[in-house]
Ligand code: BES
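There is one chain below, alone, in structure tokens, taken in the form predicted alone.
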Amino acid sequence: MRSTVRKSADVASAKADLLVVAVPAPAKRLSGPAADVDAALGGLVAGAVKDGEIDGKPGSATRFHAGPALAATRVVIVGTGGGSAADWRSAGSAAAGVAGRVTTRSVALVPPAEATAAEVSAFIDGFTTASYSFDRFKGPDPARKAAAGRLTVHSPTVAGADLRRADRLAEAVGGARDLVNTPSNHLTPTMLGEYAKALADATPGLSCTVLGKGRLEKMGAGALLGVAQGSMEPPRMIVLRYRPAEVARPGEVLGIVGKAVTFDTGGISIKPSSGMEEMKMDMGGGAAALEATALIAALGLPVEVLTVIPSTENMPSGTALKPGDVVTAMNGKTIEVINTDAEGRLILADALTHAAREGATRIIDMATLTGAIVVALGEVYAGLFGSDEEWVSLIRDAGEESGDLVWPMPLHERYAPLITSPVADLSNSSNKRQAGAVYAAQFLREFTEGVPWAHVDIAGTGMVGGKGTGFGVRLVLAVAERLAQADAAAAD
């Protein structure tokens, strides 16, 4: 969907299949565009408010057929609650629900005069997220309704640049969802590398290098190679670099690492068959890292970025890793493989080391890593772990702002025994059923080379209801924007 802005806020002239007008909660007295629509509809909106049909609560939507006084075909009154970004996202989602029930090619939003660009952008985010569908492998269906192709914002205060940012964000989140939802036979590690190259070629300032098995062997990436050895598909390590012409703080490099296991059977420690088809989504962290990096470059943020995405399948075979095997990671540490289904932390180990050694001065990694974090936080918050309090705080604030919510979790040396091994430097899992998400993060910290680092476990938020969410794209963009703003302030 493409968004445009018109400076006129006249609801009568807003021509579209669906006209969207917002009201806050509690909806007691109509004003601005809502009052104008009410006058055009002969008091129908005020009547619905009086009857309690319209209450302004986030996510609420009431549809009317437009009369001759309006250029639009239909009108929907959506609730924006207290006016938070989350409330505006809910309003966008509610409007998309109405648009999806009938043929809607164009939408017009007339926000209140006081609505900010951030609120309108949140509405667009909610609308496009709720309008998303993955139909690539479905045949023609006359009953399937296409999503709206155009959104016009009628506002004298919102700028075109704000809408372009919102559109690019929506495209990036949708791109990550497409990757996660694609079946693994249509998205192998090799194919993901090709996609990354094509994305970089289409994005000014962004470069991509894809490291194959031979290069990984020379680098000593034994943890990634160990996971990959059970599959016929060769592994890849995707390295993206964004070097803007001007940077807010020379020498500062944001490192982004994302786990991309394109299919995870669990290996020899095989998963139950029920639900295994969802393991095509075990590359949600890598998809978010890839699309977020391209988004940062497309928006021209003055932040240098280095992104590393390790990609492989995790398969059982005669050549697969076995419980009790020992591999040597890129940083020289040996790892006893207790559970081959704890493969994500193995491939991230080499990726984190590579990011730190290639110049990242602070790192955020994202991974669908542990079922334990789903038990702890469900599908609302991702788990946030880190080695630097200031860095963790910045990421948490970015999560609240972006809607990709993260919740701080503990790290402590008293968890270290859970990743000790009698035969190697570390073990990748523990037979004790406790603190699973914590000791996984504790394990990852061993490979960060002392660089300020944060780990975001998106196992609960990255794939919900058998579908990818694109979680992490908004978060990383908000982090990068905060770094740019902070750096600019420091430079002043």
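Please read all numbers here as calculations on a predicted model, not as lab measurements. The first residue of the shown sequence is 1; numbering continues from there.
Here the subject shifts to the form predicted together with the ligand, a form of this protein not shown in this document.
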A342, T368 and S429: each with a heavy atom within 4.5 Å of the ligand in the predicted complex? yes
Listed range touching the ligand, judged in the predicted complex by heavy atoms within 4.5 Å, from 444-452, 457-465, 65-73, 36-44: 457-465
Which of these residues, L206, A85, A372, M315, gets a heavy atom within 4.5 Å of the ligand in the predicted complex? A372
So which of R168, K271, H186, R150 reaches within 4.5 angstroms of the ligand in the predicted complex, heavy atom to heavy atom? K271
Should D264 be counted as a contact of the ligand in the predicted complex, where contact means heavy atoms within 4.5 Å? yes
Do A115 and the ligand share at least one heavy atom pair within 4.5 Å in the predicted complex? no
Contact label in the predicted complex: E291 to the ligand, heavy atom within 4.5 Å: no
I'd like to know whether L163 contacts the ligand in the predicted complex, with contact meaning heavy atoms within 4.5 angstroms. no
Going by the ligand in the predicted complex, which residues of 35-54 come within 4.5 Å of it through any heavy atom? none
